[in-house]
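Just one chain is shown here, as structure tokens, and it is the form predicted alone.
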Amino acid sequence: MIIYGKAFIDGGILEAYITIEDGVITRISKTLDHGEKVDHDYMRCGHLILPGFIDIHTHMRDFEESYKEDFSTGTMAAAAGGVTVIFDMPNTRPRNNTLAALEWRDDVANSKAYVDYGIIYGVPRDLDNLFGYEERAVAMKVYPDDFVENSLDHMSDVLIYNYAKGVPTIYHAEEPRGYREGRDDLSLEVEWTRYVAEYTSQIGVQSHITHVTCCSVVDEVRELNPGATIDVTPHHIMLSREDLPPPYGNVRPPLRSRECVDCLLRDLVYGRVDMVATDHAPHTWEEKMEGANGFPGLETAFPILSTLRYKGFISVSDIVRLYSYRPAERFGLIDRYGAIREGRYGSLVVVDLNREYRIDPSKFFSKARHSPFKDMEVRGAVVATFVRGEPVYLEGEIVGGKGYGENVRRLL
């Protein structure tokens, strides 16, 4: 297969023919050889070929909550958003923190996914369910509850195992008891971020703090554990609690003040944030009206980032860094994902930077057809998504095969 157009390659935008064979980019050239033909021509005004996005924080639901989302609808939403790899969080029903549940999760994902996936494992209650989990899982997620339900010795054993195996550990940083009580003051996040940053720095664990909500939290991480990485969500850099009150506005960590939103966006602009992740958390409309935490986000992340680019906050290079390159680099995928280079997978997204429209959740592929960004005017749309050289999404339609997506651990 040959894809032609303007592409983001090695930090610049170049006109190129991208040849993909057996899922891998084998040649990037300025000309075609005799007899070669272009399969997909995107040499149009405003169209740009980027490395496929990697979303390290999604909830595919499935299992007992497939009525909210499953790996089929969730990865279709990902493809429509230009996301070629999703990471699935472990707070499932039943919880994905046993080796049996992990194997089951992998089997379900493998039979349904349209894009590639990484599975994130939960903290096991029994250490027997720890050994070998990294063969199927790309990382571990630590929730506030884990520090309540397990002893500190148990948590230390788990984290030292991760350190020994080189497995990244992702933290939801809110003080555990306040989190359980449903309190939403910023001090809960600042306090627990400080604890996690200091603790992980001492034992050398590869730590990542997810969905940071205010620049004061970024300051704590940068000061106490400079090696730790941070992600932010589109809703935390765009929306304040005044913009989106409860019950629909409920999310954990919560939406903050406009001051926090503005300073967090500044940190993103100044490069103090490592990556963007959606925390795609689908619920039914009825559940949201009853106060369920979280929003769908896979189909709105790129339009929001692209709109920030149009308004001059960030560049195309920033979008690639935040939503493709750094996630691949941080989680051990960089040899195959995160850049358009020979030897990488042909997992690409074609975007139209000039397309203007309003976000319409009724057209989502996700089962959660609602959004905190409903009716927002955006500039930038996904035109096509290719996963390992195969078209999965083309101009509004899913064209890929159910079950085509693979576990990135096996692919690597």
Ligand code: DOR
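What you are looking at is a predicted structure, and each value in this text was computed from that prediction instead of being measured. In case it trips you up, residue 1 is the first one in the sequence shown, and so on.
FYI, the form predicted together with this ligand isn't displayed, but the following is about it.
Trainee: Could you work out which of A281, L333, V217, L159 is the residue within 4.5 angstroms of this ligand in the predicted bound form, going by heavy atoms?
Mentor: So the residue touching this ligand in the predicted bound form, by this definition, is A281.
Trainee: Though this ligand is not shown, can you say which of N110, T307, N293, S201 has a heavy atom within 4.5 Å of it in the predicted bound form?
Mentor: Result of the distance check: N293.
Trainee: Does the 4.5 Å heavy atom contact test between R256 and this ligand in the predicted bound form come out positive?
Mentor: So R256 does not count as contacting this ligand.
Trainee: Would V251 count as a contact of this ligand in the predicted bound form, using a 4.5 angstroms cut-off between non-hydrogen atoms?
Mentor: Contact check for V251: yes, within 4.5 Å of this ligand in the predicted bound form.
Trainee: Looking at the partner-bound form in the predicted bound form, is N150 within 4.5 Å of this ligand by any heavy atom?
Mentor: The answer is no: N150 has no heavy atom within 4.5 Å of this ligand.
Trainee: Decide whether H172 counts as a contact residue for this ligand in the predicted bound form under a heavy atom distance cut-off of 4.5 Å.
Mentor: Judged by the heavy-atom cut-off of 4.5 Å, H172 is in contact with this ligand in the predicted bound form.
Trainee: Heavy atoms within 4.5 Å of this ligand in the predicted bound form: which stretch in 296-304, 256-264, 281-289, 123-131 meets that?
Mentor: Selected range: 281-289.
Trainee: What residues in 53-83 sit within 4.5 Å of this ligand in the predicted bound form, counting heavy atoms only?
Mentor: Result: H59, R61.
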